[in-house]
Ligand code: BDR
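What follows is a single chain, given as C-alpha cells, in the form predicted on its own.
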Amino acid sequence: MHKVILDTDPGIDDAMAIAYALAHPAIELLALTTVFGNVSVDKATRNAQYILDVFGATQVDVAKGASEPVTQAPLPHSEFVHGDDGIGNCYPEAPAALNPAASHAKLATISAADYIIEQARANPGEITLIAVGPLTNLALALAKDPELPQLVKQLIVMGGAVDEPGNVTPLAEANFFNDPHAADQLLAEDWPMVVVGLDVTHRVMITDTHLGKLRDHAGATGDFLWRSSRFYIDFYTNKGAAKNATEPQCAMHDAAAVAYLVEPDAFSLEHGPARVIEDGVAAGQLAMDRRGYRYATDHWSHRATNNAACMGVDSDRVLATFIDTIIEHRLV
C-alpha cells in the first residue's frame, strides 16, 4: 500500500489524478496539498475540497499551500485552459449544491508545507509525494526541514520536458515555468525523484470515447470527469497538442504521474543530474545531463545524480489501467 500526499492545483487533469489515486486499491491517499498554478491557491483549495466531495472521499485531508512562487513574480493563471473556476466551469454556483457533510470541514489548520513535514516525520520512509503543480510547497517544506529527502519514500513530479517542446514556451512546461527556482532546488537534493514530464504525458492522450466510457460506467466520478473535461478537450482540440487528432482528446498529464507510482514498468527512464533554468528566455527549461560528459561549465557538477526522467511510456497500458481502475474501484 502506497501512502500518498498529492500536491495539486486543481485543474481538470488534476481531477483525473485525484480520481485515480482514490480508486487504486494500492494507494492510500492521505491528503491533497494545494498550490497556485492552474488557478489561484484559494480556488485550488476550494476545488480540491469539492472534488473530494463529488468523489465521496471526505476522509482525505486538504492543506492549503503557497499562493505565489518562492522567488519570481507570480505569472497569470491558466483559466483559458481549465475554465474560470479551474475545473471546466463545473463548480456549483449555489452553496446549497454542496454536500454539507463534505470534506469542506477537513481543511487542515497548518500550511501545506508544514503538513508535508508533519506526515513525513510521523511516517518516515513511507510517504510518496506526488507533485502535479508548481513545486513551491515542497521547496518551502525543504527549507523548513532539510532532512525531508531522507524522510520520504520517493518524490514523483509531473513537470518539465527533456526532449519534447514545452507547452507554455518552446522550452518550458507550465509547472516548472510557474516556479523554476523551486524546481531547481528540489533537483539539487539527494532523494529518489522521478520527473514525469511532457516527454511521456503528451503520449498519454485520453479521447472522448474513453471519457464517455467513464461517464457511462464510473458513476458520479465518471460523470464529473466527463463534464469537467469538456472545456479542456475544447482547448486541446483547437489550440493544444491534439489539434490535428482524428478524435477530440486531451493529455492526462497529472494522472500519468500517479500511473508511474503503480505501473513503473510501463515507463522507461533516463538518469542524471538536472537543472531548471531560473530566468531569461529559457526560464523553466529542464536540462538534464544524460551523458556524463566533462562539460565546459560546472553547473551540473555536485548535483544529485539519482534524478530520473521518464522518456518512454506504454501509453495504451497506462490509459487502459487508468480507465479500468476508476470503473472497478471508484468510491461513488
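Fair warning: this is a prediction, and the values are worked out from it, not measured in the lab. Residue numbers here begin at 1 and follow the sequence given.
There is another form of the same protein, the form predicted together with the named molecule; it is not shown, and what comes next is about it.
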{"item": "Option from 211-219, 114-122, 247-255, 140-148 whose residues, in the predicted bound form, bring a heavy atom within 4.5 Å of the named molecule", "value": "247-255"}
{"item": "Partner-contacting position among Leu225, Val200, Ile87, Met158 - heavy atom within 4.5 Å of the named molecule in the predicted bound form", "value": "Met158"}
{"item": "Listed residue that, although the named molecule is not shown, lies within 4.5 Å of it in the predicted bound form (heavy atoms), from Val132, Ala259, Leu129, Ala183", "value": "Val132"}
{"item": "Interface membership of Asn175, the named molecule in the predicted bound form, 4.5 Å heavy atom rule", "value": "yes"}
{"item": "Partner proximity in the predicted bound form: Asn307 to the named molecule, non-hydrogen atom cutoff 4.5 Å", "value": "no"}
{"item": "Contact of Asn47 with the named molecule in the predicted bound form (heavy atom, 4.5 Å)", "value": "no"}
{"item": "Sequence-ordered list of residues in 6-43 near the named molecule in the predicted bound form, where near means a heavy atom within 4.5 Å", "value": "Asp9, Asp13, Asp14, Asn38"}
